[in-house]
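Just the one chain here, laid out as structure tokens, in the form predicted alone.
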Amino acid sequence: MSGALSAVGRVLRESRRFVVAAHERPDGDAVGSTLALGRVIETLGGRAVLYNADPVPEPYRFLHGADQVVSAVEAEFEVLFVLDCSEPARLGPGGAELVARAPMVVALDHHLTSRSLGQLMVADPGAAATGVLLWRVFRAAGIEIDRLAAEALYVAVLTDTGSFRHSNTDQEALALAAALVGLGVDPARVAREVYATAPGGLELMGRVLSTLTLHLDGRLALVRATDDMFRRTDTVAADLEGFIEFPRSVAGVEVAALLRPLDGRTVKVSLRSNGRVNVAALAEKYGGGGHHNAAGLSLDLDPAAAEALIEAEVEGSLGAPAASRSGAGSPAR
């Protein structure tokens, strides 16, 4: 991998016009990695168009460069960086066209479902975040970063490790966090910015958590969001960030799932595991993907059918006997 890291570093130093893109509906790792790389390109004297099909979620808008992310690329460029995914379709509408236009594609991804993309690919499912892969590139290339880039990288690793609570919190992730603090990042300030919840978000959280049901002898927890909840609380899907951690934290739960409508009959499912079940493998069966303990997929089913499918898949992964199934589930107590 060291050769690939050095090669990416040479691309950064030798090219001048870039597009930096990450997957649609970006999370903290996607946003933080995009903005950190954009800042580094800027400090190296290059120009970067920062692209995402969706707006930057509110919790990450305090980061430098968040107001520069665009949903269309008209300018010509030399290199396209694809971060935190390795499939053009995950870039959203226009993603495939953007990849096709690129003279050179460089991809960095840490998902178990990574696929080869472009002329240069750095993939490591053992990395806690794509931000960690960027840090490896910068170190291999001898590129120093400033506080603004460091803050964005810190958000990437903070959020993808669940505030350093998930099983992917390893020595490298903690060492990186320490190094970034040494570059001027204020962990308390970043935590306030990322995890502050507006009143509408608190009301949404209450409504979502009120739907919590336990299945499979309490080993599967399901929560649901609806369009009506968003309307009543004046919120959007991005405000659900982090909600799934609450059902995952229930004692005895092995897998937590949050279901929400996307459009028509499509249901978006976010999955979290406490280690026993590989939810990335589950999601990949239905065109999704992710990490061992965090993954997502979309199902062209009504919510009830989607819930039944997820319950059946988790039951199969856990090896739970049929008699333990709770049907529609029981409310959490």
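Residues carry their position along the shown sequence, with the first being 1. Just so it is clear, the structure is predicted and the values come from calculations on it, not from any experiment.
What comes next is about the form predicted in complex with guanosine-5'-monophosphate, which is not displayed.
Asker: With the partner removed from view, which of 54-62, 304-312, 34-42, 290-298 is the stretch that lies within 4.5 Å of guanosine-5'-monophosphate in the model of the complex, judged by heavy atom distances?
Answerer: Stretch with heavy atoms near the partner: 290-298.
Asker: Contact between H111 and guanosine-5'-monophosphate in the model of the complex at 4.5 Å, heavy atoms?
Answerer: Yes, H111 sits close enough to guanosine-5'-monophosphate in the model of the complex that at least one of its heavy atoms falls within 4.5 Å.
Asker: With heavy atoms only and a cut-off of 4.5 Å, decide whether E87 touches guanosine-5'-monophosphate in the model of the complex.
Answerer: It does: once guanosine-5'-monophosphate is placed as it appears in the model of the complex, E87 has a heavy atom within 4.5 Å of it.
Asker: For the heavy atom contacts within 4.5 Å of guanosine-5'-monophosphate in the model of the complex, list the residues of 215-241 involved, in sequence order.
Answerer: Residues within 4.5 Å: none.
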